[in-house]
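What follows is a single chain, given as structure tokens, in the form predicted alone.
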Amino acid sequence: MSTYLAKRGGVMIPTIIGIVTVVFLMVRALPGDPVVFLLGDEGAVGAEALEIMREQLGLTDSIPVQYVRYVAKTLTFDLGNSLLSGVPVVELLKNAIPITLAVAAASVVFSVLVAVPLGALAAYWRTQGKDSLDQGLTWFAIIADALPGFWIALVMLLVFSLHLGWFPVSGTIEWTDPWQVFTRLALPVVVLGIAQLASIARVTRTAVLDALQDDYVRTARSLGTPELTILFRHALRNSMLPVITVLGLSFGRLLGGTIITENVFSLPGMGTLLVQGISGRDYTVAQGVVLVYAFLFISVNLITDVLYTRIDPRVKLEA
């Protein structure tokens, strides 16, 4: 295991360097001048004031010089200060990351708790000749997958927040108040969880359907083992590797969903921070957020590989 992790760590280094380079270039390709956004156009403050501000921010240096300076600071975990507020980007991320991770983790748990049993039951009903129930669950998953996430978010916001008043529309998150955290994050978690339901349910159904045809299932039935025990304790347990795989692969989609969902529900997470950085031409904030997103995606893929060995001891990680 340690040899494998060391090898994966070595592979991650050029990957992270590539990500840093792409992020640096893409952010600077954004249209607009952050100095003009901060101070106003030349007619309002004068060309000299704009040039002085550009020099203070290091924007007058060549792109290679800016890149070397950015990489050197990144290696020391110095992501610079926000061009708009002057607050260190690391401090902004410290406040935003827990919110995004909480929403993402809870949405994964929600989708797994709903989709995995649905997929397993659909496979079981298929083997029992109850095709209508199987098709009903399958179509439910397909429809849930086809609905745009932002549309679901707006509908839930309109119904449960504005009309019924069950959940707050905006406001800060007080981690010391569990009920306030629940009411603030419940709708975003459900919206993101629905986006994962279809893929998880379909993969679970296919994997369990194959497992129910294996010899050990027939042996368990001949010994009088209850059907629910066979389904959830044996067949489902031996079908979890594909489910873990699709969870790891869909994490990128989940991160993209947090950007939209956080803005719809006014959550001060990384998605909102990224949109503010891009709209305000705040290079340092946009760079820092995208870099953290990329690091999270790489980390989740590594965790997915390690989980394989915990779920199925027969799987060995090659060094």
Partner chain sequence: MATAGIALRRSGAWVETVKDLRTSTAGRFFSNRSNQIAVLFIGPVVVLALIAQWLPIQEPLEINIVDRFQSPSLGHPFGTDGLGRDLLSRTLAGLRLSLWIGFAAAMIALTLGVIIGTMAGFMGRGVDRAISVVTDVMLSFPTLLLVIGVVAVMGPGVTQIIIAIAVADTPRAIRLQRSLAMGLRSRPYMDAARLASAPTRWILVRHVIPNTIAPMIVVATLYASNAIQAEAALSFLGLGIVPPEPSLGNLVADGRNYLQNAWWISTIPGLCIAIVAIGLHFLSDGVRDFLDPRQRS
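Everything numeric in this text was worked out from a predicted model, so none of it was measured. Positions refer to the first chain, counted from 1.
We do not show the form predicted in complex with its partner chain, though everything after this point is about it.
With its partner chain omitted here, the record of contacts in the model of the complex names 146-154 of 96-104, 75-83, 237-245, 146-154, defined by a heavy atom within 4.5 Å. When its partner chain is considered in the model of the complex, residue 22 lines it closely, a heavy atom lying within 4.5 Å. Interface residue remark: residue 263 is counted as part of the site for its partner chain in the model of the complex, having a heavy atom within 4.5 Å.
Using a 4.5 Å cutoff between non-hydrogen atoms, residue 139 counts as a contact of its partner chain in the model of the complex. Residue contact check for residue 268: none of its heavy atoms lie within 4.5 Å of its partner chain in the model of the complex.
Every residue of the trio 259, 275 and 297 has some heavy atom no more than 4.5 Å from its partner chain in the model of the complex.
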